[in-house]
Every structure is written in C-alpha cells, then in structure tokens.
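In the form predicted on its own, a lone chain appears below as structure tokens.
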C-alpha cells in the first residue's frame, strides 16, 4: 500500500509513501487515498494530517504516464475521480492539515488545497504546471486556488505554471505557515491550537466561512445566523459558557 494511515497522538496521519516517484498520484493511489479518508472519518481523531514520504516531495502531482493515450471519456472520469476524492477530504468531520515537505505540484497542490490548512517546510515549492504540458488542472485547482489567493494571482500561477516558494505562498495566502524542524511535530503543535475545541463547532465555523465564498453577503449572514443558532443549542456551548463564568477550562464532549 502506498497510502499509509497511522496515528500520532490525537491526529490521524496519512503518508503518501512513494518517494522514488516523488509521491506522485496514480489512479490506484487515488483509490487508496479515498479508502483511507473513509476510515479516518470513522475514527475519534481530532485532526487529519497528510504528508509525503521523504524530504523531497509532498506530492509531485499526477502520474503522467497514466495520462497518455487515454480516450476523452476515460480522461473525464479520471478527473472526476480526483475531484471526488479531494472533495471527500474537504468534507471530513475534522479539520485537515497538509504538511508540505518539498514539491507540491499539480495534483499534489490540489490535494493540499483540499485540506483545511497548509503548512510548508522551507524547501517546499508549490505550483500548478499543467499548462507546460498543454493541459490545465483537473482535480480542483482552477476552483480552489482563486478562492485562496484571488483571481489575479490564480490566473498568473495557472497560466504561467510558475512555482512559488514558501515565503511568497504565505504572503498570498496559499499556505498558513512556514515550519522548521520536524514537520509532523510542527503540524501537531499547530493542530493543538484548535483541536481541543468542540468538533461540531469547528465544523460549523468551516461551513460558514466556506459558504461565504460562493454566496452574497446577505445570504452568508443568513447562513451564519442559522449555524450559530445550531452551535448555541449544543451541549458544548452550554459547557463553554459555564466554564467561562466559572473561570475554568471547558470540557467539550463534541455534542
């Protein structure tokens, strides 16, 4: 199995273990990744971290050899498979963190963008180089990148195929932080900033912010009102407010 699922404290960890191919995504690996995500969704993990084996690449993208000599229907189904797997990742009940330890190109960057957060090591390089092959991104890159960095920057990256370094990626909002030292330990420390809170409340917050990108302000405010009301009805909200008044740390039960 190329996709390895393990546990690190309160977090589930998916590792793409194909370093000899820079952890490139084949269609069979996409199937493995989808199965691993299904398994993660049933666990009590409070965070999912995704990384690549070795220190050269998070994921260098699709396996180009598989893309050649395919008919149009097969190509469309392949794109839909990648999109479906990455959408499954974005809709997990717990937040996810891409630990980008090296190259994140093409499908690799699209995988990272499907995560809730992105951390990158100092040697990371991020880009969507499909245009250099006469192609365009097909696993969600044209949709998620402008939502993260804006239309102008997304068009520049996609239409030039230019890769960005971590400092630029952080500046334009493509990644959340640059990390140094052990990437997994740094990711665990980052996740501990939010994973002690109520998972349902975190999910409501993610849903409200995500919806804001697709609807008008008026509609977004209505969504926020509805989701904040749902959060208010939870036992975790009662516990959080009681803990505040009693000047103690809340004990959330995800209810």
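Just so we're clear, the structure is a prediction, and the values are computed from it rather than from any experiment. Positions refer to the first chain, counted from 1.
If you look for the form predicted together with ligand CO8, you will not find it shown, but the lines that follow are about it.
Judged against ligand CO8 in the predicted complex with a 4.5 angstroms heavy atom cut-off, the residues 34, 39 and 94 are out of contact without exception. In short, of 148-156, 130-138, 115-123, 178-186 it is 130-138 that has heavy atoms within 4.5 Å of ligand CO8 in the predicted complex.
Heavy atoms of residue 11 never reach within 4.5 Å of ligand CO8 in the predicted complex, leaving it off the interface. At the 4.5 Å threshold, heavy atoms of residue 224 stay clear of ligand CO8 in the predicted complex, well away from it.
In the predicted complex, ligand CO8 sits beyond 4.5 Å of every heavy atom of residue 49. Residue 56 belongs to the set of residues with a heavy atom inside 4.5 Å of ligand CO8 in the predicted complex.
Residues of 67-102 lying near ligand CO8 in the predicted complex, listed in sequence order, are 67, 75, 78, 79, the criterion being any heavy atom within 4.5 Å.
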